[in-house]
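Single chain ahead, by itself, as structure tokens, in the form predicted alone.
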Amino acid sequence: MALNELIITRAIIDRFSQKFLEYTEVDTAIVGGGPSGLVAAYFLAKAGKKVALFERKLSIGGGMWGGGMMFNEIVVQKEGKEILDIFDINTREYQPGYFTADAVESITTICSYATKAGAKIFNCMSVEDVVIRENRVIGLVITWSPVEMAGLHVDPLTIMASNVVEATGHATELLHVIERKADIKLNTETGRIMGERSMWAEKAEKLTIENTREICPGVYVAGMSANAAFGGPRMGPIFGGMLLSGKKVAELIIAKNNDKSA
């Protein structure tokens, strides 16, 4: 069969446009395609929720791609291994309670599970603003990341979401937008982003899960964003807390939605 370049072009534009239009209104919009965001996307989509994930980079995976200092292996504790087991990711015990996994296998497999469950991932898209009505975030204002990087004066577009997950990691990019542009007090001790503290793996792993919660009406924090928001320490290349945080935030959203429909 002879290939026609015009058909190839039309197929890409047509199919992407259909997908994008369908996901301009979703149950949950996740900002950030690292491990916590992808795990959340999987569990939400598996529960039948309409999920869109927006990642500003061309690639997804956040800090998990590089393992520790570009040694692409990660470490998880027993509880984190249980999450990797759900995705059938190979792990090996290094010492009692410490398990290693290939970073590339881990993130690509979780991504595959999330998309096959029905989550839609939109890469090269940045969130530059939020939509707020009655003191609640109800949508995201998005643009192409290359447009943002080039500083071009191009107006963005809007998607609507019943729930938003801030999973941008250390930078807490979405929360900074809310803090800067909205009269919304965050559910932290100070009412503002408290900022992450220095490395303390044991404490950070626990706090990553504890701090995973609704931080303001309509917005949840997960992964490193949760610790950065509530003043917890960073944990480095151990990823159990990140994985468990993604599962927890999905469970919180599902439970809240079920309560509303009851």
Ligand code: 48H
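In this text the structure is predicted, and so the values were computed from the model without any measurement. Position 1 is the first residue in the sequence shown; the rest follow in order.
Note that the form predicted in complex with the ligand isn't included here; everything after this is about it.
- Shown alone, this chain has one stretch from 182-190, 162-170, 113-121, 89-97 that lies within 4.5 Å of the ligand in the predicted complex by heavy atoms: 162-170.
- At the 4.5 Å threshold, heavy atoms of I209 stay clear of the ligand in the predicted complex, well away from it.
- Interface residue remark: F54 is counted as part of the site for the ligand in the predicted complex, having a heavy atom within 4.5 Å.
- Interface membership of G61, defined by any non-hydrogen atom within 4.5 Å of the ligand in the predicted complex, is confirmed.
- In the predicted complex, at least one heavy atom of M125 sits within 4.5 Å of a heavy atom of the ligand.
- Taking a 4.5 Å heavy atom cutoff to the ligand in the predicted complex, the contacting residues in 18-44 are V31, G32, G33, G34, P35, S36, G37.
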